[in-house]
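Next up is one chain by itself, shown in structure tokens, the form predicted on its own.
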């Protein structure tokens, strides 16, 4: 069996990121690599490329990493973080266009079941409004 896809949660709020990660852990335990980050370096609302890189690293799996984001700035900074990854990792990290909480839980459940990165992403994105 291949390595479970990792999940990285990126929110503008440290509490939202932590709470979402807690929900994921309650659903799948430690079977899925998980990273999360939220807030700016000063403790306010925002995101940080450095923290996103750390969350991706925490969630790293040879199966890839699905990144769930809450708002546009989190997506933009996640894209920048992916560009800073080593070339061999860049193609194994995707941003899912999905609601952060529901998407993270569904993505982790799929990953726990052995789904590929593309399958994990597709399942999370099924939750997005048309």
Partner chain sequence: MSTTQEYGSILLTHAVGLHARPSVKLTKLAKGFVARIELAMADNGPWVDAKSIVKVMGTKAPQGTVLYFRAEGADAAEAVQALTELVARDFDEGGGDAASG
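Positions refer to the first chain, counted from 1. It should be emphasised that the depicted structure is a prediction, and the values quoted were computed from it without experimental measurement.
Keep in mind that the form predicted together with its partner chain is not shown, yet the notes after this line are about it.
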Considering only heavy atoms, tell me if residue 53 and its partner chain come within 4.5 Å of each other in the predicted complex.
-> no
Can you check whether residue 27 is within 4.5 Å of its partner chain in the predicted complex, heavy atom basis?
-> yes
Classify residue 16 as contacting or not contacting its partner chain in the predicted complex by the rule of any non-hydrogen atom within 4.5 angstroms, answering yes or no.
-> no
Spell out, yes or no, whether the shortest heavy atom distance between residue 116 and its partner chain in the predicted complex is within 4.5 Å.
-> no
Using a 4.5 Å heavy atom cut-off, indicate which stretch of 74-82, 37-45, 54-62, 98-106 touches its partner chain in the predicted complex.
-> 98-106
Which residues, if any, of 64-79 lie within 4.5 Å of its partner chain in the predicted complex when only heavy atoms count?
-> none
